[in-house]
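Only one chain is included here, represented as structure tokens and corresponding to the form predicted alone.
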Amino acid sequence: MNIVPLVLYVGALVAYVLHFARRDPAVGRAATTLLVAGALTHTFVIGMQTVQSGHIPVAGATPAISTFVWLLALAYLYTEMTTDERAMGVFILPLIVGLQVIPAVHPGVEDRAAVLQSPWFGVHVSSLLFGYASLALGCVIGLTYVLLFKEIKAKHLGVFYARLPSLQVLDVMNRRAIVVGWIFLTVGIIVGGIWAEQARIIDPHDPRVQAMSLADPKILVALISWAVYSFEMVAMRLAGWRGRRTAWLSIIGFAIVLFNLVPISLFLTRSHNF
């Protein structure tokens, strides 16, 4: 079922690339339409999986990645429709397409382990995925900020200057995305700690529950990413960091998040391989 959203996302990517190159309003509208169609189809897929499993598909790396892609598509569409700016679609869609390939090629099977039926688990994963979607937007906005800044600094006002919002607008958008992402990331980690303690009571002999400690890379890297974004929050609030500094921190922070979301979740974790 994940193939259909992937095909529509690929079509949207092609249309966004053409729109970025040509600035044709009709192509831009087609790109948005394809992305909306992909998000709606993805919503239907997740709805069907929710009906089958009894909860939103977040148990396991592959279902979580699929749900993250869906949230990222919705978050970007909201940003596009509230700012009337399509230029960043060419930067967002490669991430959406690249990640959606994973559930399309290798659909995951929901694990119905007792520890996963706790409401704390649902809040934990949902909060993290909401946070990751917002932080992904912050990363892309930060990347566009850096590209535009370099173009202006080189006094070569070319493709990015003609197509992207101003540095001031990008900076404000980046900081808003990071604040929202950090809040959900913090909630997700705190609730995750509560869920882990509950899991030790429900099924203390489960090896995955026994592995829930800082020794597991999934948990360690999640805390590292939180530390990076917390530093960025403090730097913005107390030290007045703006612009290129926060843009680079947004890029670095999400690189850590993405490393945790994909390779660690799929191959390295011992506590979150549900």
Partner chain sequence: MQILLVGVSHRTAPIDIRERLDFSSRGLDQALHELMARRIGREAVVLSTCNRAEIYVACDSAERTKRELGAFISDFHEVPPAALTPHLYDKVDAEAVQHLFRVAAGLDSLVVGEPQILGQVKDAFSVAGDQGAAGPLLTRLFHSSFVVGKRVRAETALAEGAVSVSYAAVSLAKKIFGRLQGRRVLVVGAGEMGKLTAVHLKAQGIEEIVITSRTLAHAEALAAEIPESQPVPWERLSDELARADIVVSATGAPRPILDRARIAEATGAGRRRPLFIIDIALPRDVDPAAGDIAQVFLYNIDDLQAIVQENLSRRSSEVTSANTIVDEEVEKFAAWVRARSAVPTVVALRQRFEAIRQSELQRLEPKLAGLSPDARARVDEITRLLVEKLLIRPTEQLKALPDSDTMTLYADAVTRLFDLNDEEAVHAGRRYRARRGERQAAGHDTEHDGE
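Computed from a predicted structure; not experimentally measured. Positions refer to the first chain, counted from 1.
This protein has a second form, the form predicted together with its partner chain, left out of what is shown; the following refers to that one.
- For the options Trp195, Phe184, Phe149, Phe91, the residue carrying a heavy atom within 4.5 angstroms of its partner chain in the model of the complex is Phe149.
- Picking from 242 to 250, 32 to 40, 215 to 223, 50 to 58 the stretch near its partner chain in the model of the complex, with a 4.5 Å limit on heavy atoms, gives 242 to 250.
- Gln168 belongs to the set of residues with a heavy atom inside 4.5 Å of its partner chain in the model of the complex.
- Contact annotation: Leu95 falls outside 4.5 Å of its partner chain in the model of the complex, judged by heavy atom distances.
- Although the partner is absent here, Leu164 sits close enough that one of its heavy atoms falls within 4.5 Å of its partner chain in the model of the complex.
- The shortest heavy atom separation between Leu74 and its partner chain in the model of the complex exceeds 4.5 Å.
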